[in-house]
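Next up: just one chain, as structure tokens, the form predicted on its own.
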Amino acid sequence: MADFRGRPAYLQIADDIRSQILDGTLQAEDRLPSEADLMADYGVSRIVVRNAVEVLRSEGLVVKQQGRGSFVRAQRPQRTRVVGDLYSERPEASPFAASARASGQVPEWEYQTRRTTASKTIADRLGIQAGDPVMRTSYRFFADGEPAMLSTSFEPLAITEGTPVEQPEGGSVTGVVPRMDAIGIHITHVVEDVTGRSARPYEAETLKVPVGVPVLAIERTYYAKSRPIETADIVVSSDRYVLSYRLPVPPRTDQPTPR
């Protein structure tokens, strides 16, 4: 029988099982001991055992299967979004497509585009007035047939209206950078702000985000010098996407004199 003086018993049990998962004693898809076995092992009540397992489930470490018990959740293969590589060369297509192909995956996406007006939040990001017309496009991206990313983008119609690229997916050129190049607007830099948060119900359902697994929310804005050209809200599940940054470091300016 365990000694549970100090922290609540269910947290200490969760700590013990978590350690077994992280050190590989319990591996992906292994079944956790039954409630009866855990009660006997730790000398606690059923409610204490259930609370401990719920902690692990909320952390995304275990999943419950009706009638079968609780299992160590299998980790999905993580896809790497190499931000430095995405923008180190001028894109010729969408960054998602380039990233997926670089990882040996087949990219696909579905989208819906409509004209609307800018909310205050979007207007502030685009440097326009609330209520100004924008083109809004909602995307769901897939890699090898699995949902990988959600994105909602906004472009001021003051820039694209009446041009061949007014519809983001309606012409022969896709991707913000090549589309803007086509109308003489040249993207100079991209700003991405990344935060972690809980998945919203629609995101969890659409991206198949397990309980307890956070999402990465990326607020991305393309600029032509100081002028915002497009802004987007991007969401990916953190259990299958790694943001890997490889950024150049300027060379030294005080090189030593050769001997």
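Quick caveat, the model's predicted, so the values are computed rather than measured. One rule holds for the numbers: they count along the sequence shown, beginning at 1.
In what follows, reference is made to the form predicted in complex with the DNA, a form of this protein that is not presented.
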Task: Triple contact flag P8, S45 and G69 to the DNA in the predicted complex, non-hydrogen atom at 4.5 angstroms - done: yes
Open item on the list: My question is simply whether S34 lines the interface with the DNA in the predicted complex - judged by any non-hydrogen atom within 4.5 Å.
Closed with: yes
- [ ] Report yes if any heavy atom of T206 sits within 4.5 Å of a heavy atom of the DNA in the predicted complex; otherwise report no.
- [x] no
Open item on the list: So, Q65 and the DNA: in the predicted complex, are they within 4.5 Å at any heavy atom pair?
Closed with: yes
Task: Any non-hydrogen atom of R227 within 4.5 angstroms of the DNA in the predicted complex - done: no
Task: Location of the DNA contact in the predicted complex, chosen stretch of 49-57, 22-30, 219-227, 196-204 [non-hydrogen atom, 4.5 Å] - done: 49-57
TODO: Go through 171-201 residue by residue and record those having a heavy atom within 4.5 Å of the DNA in the predicted complex; state none if no residue qualifies.
DONE: none
